[in-house]
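Just the one chain here, the form predicted on its own, laid out as structure tokens.
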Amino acid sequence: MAANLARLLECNIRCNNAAAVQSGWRLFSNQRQQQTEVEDDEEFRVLNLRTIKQQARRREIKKNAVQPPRTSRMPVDQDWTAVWSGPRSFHPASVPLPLRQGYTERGAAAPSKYANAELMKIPNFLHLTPPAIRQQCEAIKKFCTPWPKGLETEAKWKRPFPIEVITTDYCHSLPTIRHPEARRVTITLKLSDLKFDAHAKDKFLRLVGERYNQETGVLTFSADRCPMRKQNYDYAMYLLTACYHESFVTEPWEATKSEADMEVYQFERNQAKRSAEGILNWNATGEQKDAPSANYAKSVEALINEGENEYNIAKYKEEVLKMLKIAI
């Protein structure tokens, strides 16, 4: 029994010693490998401050030759409408003119047309040259009607078309294309082109007020309160039509006007007519009575309405002498 226990202990000791030796070799091998890696990392490295790069072959860039400006190649007899056919910004290489614009110091020349922002700011009319206008007129001529016969001169067409409409178009550089002053419409015509009687003419002149110029005899209506030009034209024509038709209307109170209410002096409705009839029919026995002449009535009206001047006084004197049959 004791011998078996001793033999078992010896086997255990022998197995333990073999396992310890094997683990020792494994630890030793791992430590040696780590020591080898550390030795490899601690090797002296060479610091190279001058790096050598492989020089690549440069690519040759071919530049096209710069062409001269178009203005130097333009013929004198070219078709300008093909060069500048419509409205566009200024381009110095397309305009064969030595244009200059811009502010400079005193004595210095204005900047040339190249790289000139001032020339590109303003609108130009290079597309509205006489040849271009002539070409456009020829193109739209087929849509026009011939001028009416018998209206060749201004005196001939003024009679059937007495009204003259005046409008203004503006060319400007604003965010909106509609200029605020372009809506204004002015209508002019002569008062002699309208047909009135004595009552209608007097009432019409009082309705229009300052729109009538007595020196030229021209009647003017202006309208600008509407936003569109067509609306202002219709409103001006409405004013003219309304004033004309209203002047022929006789109100009931107009028949009760006395001599003091009259706007102008009228010979037929005043005491001067009765006084002149009394002088002409002094001691007249017949039923037929003499009346003052029409020239005498006009001279009296002119003397009172227009005021006393040399001509009116001389005319009145002449008519009085004729009425009294007094020879000088």
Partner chain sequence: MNFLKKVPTQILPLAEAQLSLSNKSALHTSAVCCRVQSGRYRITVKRDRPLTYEMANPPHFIGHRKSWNSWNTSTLKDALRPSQTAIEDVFIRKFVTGTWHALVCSEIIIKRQHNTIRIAAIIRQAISPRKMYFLIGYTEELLSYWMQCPVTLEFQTVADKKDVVFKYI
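Numbering follows the first chain given and starts at 1. The model shown is predicted, which means the values in this text are computed figures rather than measured ones.
Heads up, the form predicted together with its partner chain isn't pictured, but that's what we're talking about next.
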Exercise. Can any non-hydrogen atom of K113 be found within 4.5 angstroms of its partner chain in the predicted complex?
Worked result: yes
Exercise. Any chance V66 has a heavy atom within 4.5 Å of its partner chain in the predicted complex?
Worked result: yes
Exercise. So in the predicted complex, does P96 come within 4.5 Å of its partner chain, heavy atom to heavy atom?
Worked result: no
Exercise. Should Y103 be classed as touching its partner chain in the predicted complex when contacts are defined as heavy atoms within 4.5 Å?
Worked result: yes
Exercise. With the partner left out here, if you bring back its partner chain in the predicted complex, are S89, I122 and H172 all within 4.5 Å of it by some heavy atom?
Worked result: yes
Exercise. Using a 4.5 Å cut on heavy atoms, which of R225, R206, R178, K257 is close to its partner chain in the predicted complex?
Worked result: R178
Problem set entry | Contacts with its partner chain in the predicted complex, stretch 295 to 321 (heavy atom within 4.5 Å) | none
